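Given as structure tokens, the chain that follows is alone and in the form predicted on its own.
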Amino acid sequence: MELLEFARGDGLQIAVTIFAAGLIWRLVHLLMTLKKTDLSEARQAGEKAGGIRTIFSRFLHHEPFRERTRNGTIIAYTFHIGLAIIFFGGAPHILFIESFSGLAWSPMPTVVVHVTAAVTLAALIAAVVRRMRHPVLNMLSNFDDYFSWLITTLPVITGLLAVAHIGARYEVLLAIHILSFDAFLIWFPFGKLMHSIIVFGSRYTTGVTFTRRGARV
């Protein structure tokens, strides 16, 4: 019980504090990074429209590459959507969100969340296996890629174990699950998981730059 109290008490408060501070630090750093002024004449108009278009066009790879990247795309969409359903659809998670934000909504059916968690775990495992077996992905991968995968996968595994009451008492499993989420929050601002926050801004900037240079986006 002491472990559980720490996990959802001081441990969670520490994790949220580091998460918020790290998030602010990363965002401020990005905003303060000096951008080189492009003195060249724009080759085509509509830079802002190009930026907005790029945000949505990057949800799929360009046509010539879709066949070769189809499996990776399916795996990525599966676990990204799955993680969203688990976190925003599970009743305990909604209560957690409500506890610090005051926002709440109707949870999804429990069986849907549990099945989604199992499918998400399978997709996460498939993703790391593909990364290790793919010669190019394996060569490009570093500690951040694998640790970010691990820190994302642990809350899913521990959540499933807690729901199934497998491995230990429920209180212990719940404490481990919350601690794994605490670790996720702590790592989030400092690793590649941060892409989920800056991805749209990054796409927009890329679209604006390419449109100005006359490239098709």
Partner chain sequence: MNEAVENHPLEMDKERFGIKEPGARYDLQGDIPNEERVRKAMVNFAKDINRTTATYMEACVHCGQCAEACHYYVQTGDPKYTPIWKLEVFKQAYKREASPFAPFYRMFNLKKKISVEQLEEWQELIYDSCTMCGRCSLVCPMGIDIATLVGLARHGMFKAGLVPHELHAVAERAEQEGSPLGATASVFEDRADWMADEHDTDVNFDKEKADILVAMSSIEIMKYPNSIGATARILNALGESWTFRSEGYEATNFGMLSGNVEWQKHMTMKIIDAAVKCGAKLVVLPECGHAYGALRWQGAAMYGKPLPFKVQHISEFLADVVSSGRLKVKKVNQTVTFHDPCQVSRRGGATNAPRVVMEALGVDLKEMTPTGDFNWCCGGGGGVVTIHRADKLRYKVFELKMDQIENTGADTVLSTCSNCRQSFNDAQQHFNWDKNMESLLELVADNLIED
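Just so we're clear, the structure is a prediction, and the values are computed from it rather than from any experiment. Residue numbers count along the first chain shown, from 1. Basically, rigid core = biggest C-alpha set you can superpose within 1.5 Å across the two forms.
Below, we turn to the form predicted in complex with the partner chain, even though it does not appear here.
Novice: Among 150 to 158, 184 to 192, 45 to 53, 171 to 179, which stretch has residues with heavy atoms no more than 4.5 Å from the partner chain in the model of the complex?
Specialist: Going by heavy atoms within 4.5 Å, the stretch is 184 to 192.
Novice: Please state whether all three residues L4, T110 and T116 have a non-hydrogen atom within 4.5 angstroms of the partner chain in the model of the complex.
Specialist: None of them does, since no heavy atom lies within 4.5 Å of the partner.
Novice: Hey, in the model of the complex, is A164 touching the partner chain, heavy atoms inside 4.5 Å?
Specialist: Flag for A164 set to no.
Novice: Does the partner chain get within 4.5 angstroms of any non-hydrogen atom of N142 in the model of the complex?
Specialist: Answer yes; at least one heavy atom of N142 falls within 4.5 Å of the partner chain in the model of the complex.
Novice: Considering only heavy atoms, tell me if H134 and the partner chain come within 4.5 Å of each other in the model of the complex.
Specialist: Yes.
Novice: Indicate whether the partner chain has at least one heavy atom within 4.5 Å of a heavy atom of G72 in the model of the complex.
Specialist: Contact check for G72: yes, within 4.5 Å of the partner chain in the model of the complex.
Novice: Taking heavy atoms and a 4.5 Å limit, what residues of 61 to 87 are near the partner chain in the model of the complex?
Specialist: Sequence-ordered list: H61, H62, P64, F65, R68, T69, G72, T73.
Novice: So with the core overlaid, does the Cα of K192 end up 2 Å or more away between this form and the one not shown?
Specialist: No, its C-alpha moves less than 2 Å.
Novice: Core-aligned, does R70 move its Cα 2 Å or more between this form and the one not shown?
Specialist: After core superposition, the displacement of the R70 C-alpha between this form and the one not shown stays below 2 Å, so no.
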